[in-house]
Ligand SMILES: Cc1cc2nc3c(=O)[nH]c(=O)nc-3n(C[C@H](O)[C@H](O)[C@H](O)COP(=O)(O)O)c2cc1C
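Only one chain is given next, in structure tokens, and it is the form predicted on its own.
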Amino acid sequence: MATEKRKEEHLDIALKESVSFRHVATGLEKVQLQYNCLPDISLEDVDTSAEFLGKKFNAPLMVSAITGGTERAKKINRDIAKACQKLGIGMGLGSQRAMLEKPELKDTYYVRDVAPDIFLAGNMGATQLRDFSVEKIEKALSEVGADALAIHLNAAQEAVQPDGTPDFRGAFEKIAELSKKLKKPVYVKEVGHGIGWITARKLAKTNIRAIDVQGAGGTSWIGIDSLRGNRELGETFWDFGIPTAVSIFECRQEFKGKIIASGGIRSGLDIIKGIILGADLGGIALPVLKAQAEGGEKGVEEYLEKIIREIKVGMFLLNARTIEDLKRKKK
């Protein structure tokens, strides 16, 4: 099956090759925070809990969509889900297109038996929405126990992908329809090249509940797919996109719902900067995949614990007892 083969290749390339943006950074490195060397709180007072689409998180953090649809993906997803359950944070599944095309792959996405309480997002690509009815998408979400549907926008990736479908005609209308008709909340995400104000303004006219910016500066999915073929075109567009910090800021100006800061997030301090710029929580993908490859469930848990500790210490150093306090801070 072509979809399964592509997913295997994506995993191999992400783990073995250098797939980061080469000359474009997230922009978060330029955000300077006002260190408070005389906070009036204790580190123990810091409360990192957050809320997203009706679910409580112990920290403003989720593991962004990584994979699904292959036997190998099954262990990856379960290891990540177990760690998220222990830590009380959210998780996104990889594109469910594979299980819709081949229902027997459903168990490669299923993690509810090991993570009954976490926020779990299903996932569909914008270009595939026209291929499936609202009822079929609803059923796919129900089968994995998803709390919401994330619709990924990946025009840049599709244009370079050797077997891509760079045809977004009618995608906006389908997003608008699903955001009204699905029983579960719908949100929109990029895959690593950013969402700017033009798209955010357009999406604000729908009933979507959140935007996951997935900005430029982390993993280049143009880069990953160019390594599968079409390398000359990929080299030209490898660094194409809107840096994460810019994407967060622009989306917040146009969109009143929740925002996830993602794309090159590599520390708890990056998440803090994203929240101060206008996000509600942060998302991380590639470092989690690498942690799982190196240490399984324990590796993922230890890595995410480190990120949460960094968030807590960073909040203390800004004299922010809660996430709401953090949002009121000036950069």
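Note that this is a predicted model, so its numbers are computed, not measured. Residue indices: 1-based, along the sequence shown.
The protein also exists as the form predicted in complex with the ligand; that form is not presented, and the subsequent description refers to it.
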{"property": "Selected contact from L304, I276, L286, V46, since only one has a non-hydrogen atom within 4.5 angstroms of the ligand in the model of the complex", "result": "L286"}
{"property": "Contact segment among 170-178, 90-98, 141-149, 247-255, judged by heavy atoms lying within 4.5 Å of the ligand in the model of the complex", "result": "90-98"}
{"property": "4.5 Å heavy atom contact, A320 and the ligand in the model of the complex", "result": "no"}
{"property": "Non-hydrogen atom contact V24 with the ligand in the model of the complex at 4.5 angstroms", "result": "no"}
{"property": "Heavy atom of T127 within 4.5 Å of the ligand in the model of the complex", "result": "no"}
{"property": "Contact test in the model of the complex: P60 vs the ligand, heavy atoms, 4.5 Å", "result": "no"}
{"property": "Stretch 165-204 - residues with a heavy atom within 4.5 Å of the ligand in the model of the complex", "result": "K189, E190, V191, G192"}
